[in-house]
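Before any questions on binding or motion, here is one chain by itself as structure tokens, the form predicted on its own.
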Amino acid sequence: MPIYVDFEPIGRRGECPNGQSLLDCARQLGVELINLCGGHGSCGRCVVQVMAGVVSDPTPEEEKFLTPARLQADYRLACRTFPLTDCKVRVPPESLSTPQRTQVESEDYHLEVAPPVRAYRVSVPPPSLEDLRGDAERFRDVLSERHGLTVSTVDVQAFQALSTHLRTQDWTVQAVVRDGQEIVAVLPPEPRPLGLAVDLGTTKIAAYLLDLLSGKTLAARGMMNPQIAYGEDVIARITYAQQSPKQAEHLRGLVVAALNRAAAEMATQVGAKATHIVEAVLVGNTAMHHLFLGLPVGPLAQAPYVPVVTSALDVKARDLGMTIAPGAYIHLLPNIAGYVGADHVAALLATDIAHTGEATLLLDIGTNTEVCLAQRGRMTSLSCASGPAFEGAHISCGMRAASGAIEHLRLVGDRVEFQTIGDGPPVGMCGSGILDALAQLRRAGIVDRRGRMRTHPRVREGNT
């Protein structure tokens, strides 16, 4: 029999299957709780307070992270607590996976673009009693006669739209041809063909809409990766995806839905439609790449950590659930290894590090950081999990760059001055705040060169 769970003050409530943890109930109802460990009871961050109803008894994991006073006040870890009756749960602000600050700004370089797709304006003669050729045959003949193209393949959904577009656009359309061989879209004559570039990060997603004729960036969107509710690192998500094909597909669907929303919003912003996007490129670490494609991620978690595929791929957007031009392809750059993915390849290509002529170190800092040393024509790359370090995962007051996080700090005498994200009351410290604090403590002589705290009126002993 289902159990009714009410999450306050968020106002999300509904029925959940019996035997499901409060964390799983929160996920089902769209309440994003912080769970760095993916719901295994080892991070102690998914703290909630049971206001009404009966739940399971506290576990050893909860006794480890919660003081007796907090347990007495009905504070619990959502991942270890199972409702036994209908219940009401309060979610403290610090337990919410609040939207992080996302950054999509970058330096804009003028580059000569050579996309694999090209649009050709085609004016097709209307049928007549003297010319009874099909629309497709007249269309392809004009492409051949006026543009010298002999296409070998026409995407079936491009064909399905052809007759309607010809008759509503006075017999003049744009044929979008990929690699000179396949017609992937038929568009009205006015809109410029658009491209979509995506950096699918573990924590954040950056999406860019581009004019494929000029290479100009028309719009950009930054957003949280919605998979974060199921674990803030790739290992937690791999573990979740391995539990069942349904869960793996759920993670994939979350990203696809987010990308479709971003594409539609950016297209609307520039007066276009998402179906005018005729080519896309997506990069990400190997785990994000595999989850997006629906590939098995188990091999990435077991030695020797081999990806399912390392080569570049071209996949039809519609086969992945993307609602851009139905015949469009998504190009995925190659992976290098289990934990050095296509996003690192993109960084190598963008910086042209292989041809610098001198020893050069490239750092791509994120939840997973990749480092490449290029010297004498040889490149050596590795990766490490830096997100937990920058986000204070093992610091009692550490948190991500969300509202209320201390992001800047300085010491003025014995006074501490700080600034929080959103100018709200402080609830923790994010990576930049932690670095500021360490620098200020070292500068003031409170921390010595070995990292040891010296005696100071503001330094407290113990954990209080």
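Keep in mind that this is a model prediction, so the values were computed, not measured. In this text, residue numbers run from 1 along the sequence as written.
The discussion below concerns the form predicted in complex with a further copy of the same chain, not included here.
Asks: Candidate spot Leu129, Thr164 and Arg318, all three in 4.5 Å heavy atom range of a further copy of the same chain in the model of the complex?
Replies: Yes, the whole candidate spot contacts a further copy of the same chain.
Asks: Could you confirm whether Asp135 comes within 4.5 Å of a further copy of the same chain in the model of the complex, counting heavy atoms only?
Replies: Yes - in the model of the complex, heavy atoms of Asp135 and a further copy of the same chain come within 4.5 Å of each other.
Asks: Pro296 versus a further copy of the same chain, in the model of the complex: is there a non-hydrogen atom within 4.5 Å?
Replies: Pro296: contacts a further copy of the same chain in the model of the complex.
Asks: Is there a heavy atom of Arg140 lying 4.5 Å or less from a heavy atom of a further copy of the same chain in the model of the complex?
Replies: Yes.
Asks: Can you work out whether Gln160 and a further copy of the same chain are in contact in the model of the complex, taking contact to mean some heavy atom pair no more than 4.5 Å apart?
Replies: Contact check for Gln160: yes, within 4.5 Å of a further copy of the same chain in the model of the complex.
Asks: For the interface check, one of 89-97, 215-223, 151-159, 377-385 should have non-hydrogen atoms within 4.5 Å of a further copy of the same chain in the model of the complex; which one?
Replies: Of the options given, it is 151-159.
Asks: Considering non-hydrogen atoms and a 4.5 Å limit, which listed residue (Val256, Ile235, Leu313, Leu373) is close to a further copy of the same chain in the model of the complex?
Replies: Comparing distances to a further copy of the same chain in the model of the complex, the residue within 4.5 Å is Leu313.
Asks: Of the options Gly231, Pro307, Gly201, Pro83, which one has a non-hydrogen atom that comes within 4.5 Å of a further copy of the same chain in the model of the complex?
Replies: Checking each option against a further copy of the same chain in the model of the complex, the one that comes within 4.5 Å is Pro307.
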